[in-house]
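Given as structure tokens, the chain that follows is alone and in the form predicted alone.
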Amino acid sequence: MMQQKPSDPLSQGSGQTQAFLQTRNRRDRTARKAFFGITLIPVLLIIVITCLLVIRAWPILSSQPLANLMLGEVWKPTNEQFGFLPFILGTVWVTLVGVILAVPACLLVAIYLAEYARRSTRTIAKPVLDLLAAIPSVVYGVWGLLVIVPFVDDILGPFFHRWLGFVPVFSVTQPTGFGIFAGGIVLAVMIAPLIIAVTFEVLSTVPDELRQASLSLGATRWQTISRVVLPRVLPGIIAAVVLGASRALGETMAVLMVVGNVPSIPTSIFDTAYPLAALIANNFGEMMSIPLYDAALLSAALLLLVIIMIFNILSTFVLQRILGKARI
């Protein structure tokens, strides 16, 4: 009988290595596909929500011209008049006032915490900001109803009317305290923790070596912040403002309680308004026997979703332009 040759140890080791590599590559491909599928879930969710809203809103979209819906100023569901312009402008006014009031103060607070404050101050301030962000919106609404509305009615309204009443945007025609300014103040307080937290984290990413190099050249602390730190993190600051504005656009309960909820086109920050989110929250489930009323409210939800998507897309485009110029 012929004696069988022993197998080559090198070939055995090579075969085991190849099998191990094939198994590892197969697991990597499986993990990559799984992560890709999970990443697609938010995109698919947005598509599904949009499609469902379009289907439910289609009866009114197909029965009335889109221009009449978007530019119509009259909201009388019993007469089948569904003008969304007062609600669109109310949403824009309240959001702009809230962002304008919040951004300067939030930026200064974040700069102080990141550049000037002691470690002990940061240790106390950050939990407080987290607590403010965790307060339910209805609590902010009650606070606005009990504190902000009387404050606007008794102090801010007369002050602006006396000194800036000649400017239409600051004129007070119906002093009740309920209105855009009260809603903007509540929104500013609500979005402030988010903007401060993101801006603080962005400022913390700047290497200390840049600050030390600027100070060693004779620059003051503020010159270093304004000419070295802030230009470097400008895209991150814009992203923080965008996040805050996105939350303000969709905020419902707190604004609903203080903004007045009158479907009219505002001309002053002291006028009442009726944002889209408040319209949906106030009326959905009621008077559904009125023809097209259900479709009109879901059209408002679709419109709010489109406004937020357009706002975020434009903000992303601006961020990309700024980042591209910074690289150049």
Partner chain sequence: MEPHIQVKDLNAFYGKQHVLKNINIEIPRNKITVIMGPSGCGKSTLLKTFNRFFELTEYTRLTGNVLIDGQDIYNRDVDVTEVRKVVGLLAQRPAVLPMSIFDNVAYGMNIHNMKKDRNKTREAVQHYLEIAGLWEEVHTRLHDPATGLSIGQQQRLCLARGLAVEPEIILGDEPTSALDPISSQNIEKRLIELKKDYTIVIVTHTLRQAKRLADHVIYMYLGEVAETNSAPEIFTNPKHERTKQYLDGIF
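As the structure is a prediction and not an experimental result, all values here were calculated from the model. Numbering follows the first chain given and starts at 1.
This next part talks about the form predicted in complex with the partner chain, which is not shown.
Among heavy atoms of Arg221, some come within 4.5 Å of the partner chain in the predicted bound form. In the predicted bound form, at least one heavy atom of Ser214 sits within 4.5 Å of the partner chain. Using a 4.5 angstroms threshold between heavy atoms, Ala117 counts as touching the partner chain in the predicted bound form. A residue is said to contact a partner when one of its heavy atoms sits within 4.5 Å of a partner heavy atom; Val228 meets this definition for the partner chain in the predicted bound form. With the partner omitted here, the residue from His161, Arg247, Lys126, Arg232 that has a non-hydrogen atom within 4.5 angstroms of the partner chain in the predicted bound form is Arg232. Interface residue among Ile100, Leu71, Val167, Leu210, judged by heavy atoms within 4.5 Å of the partner chain in the predicted bound form: Leu210. Stretch 117-125 is the contacting one of 183-191, 144-152, 84-92, 117-125, since its residues have non-hydrogen atoms within 4.5 Å of the partner chain in the predicted bound form.
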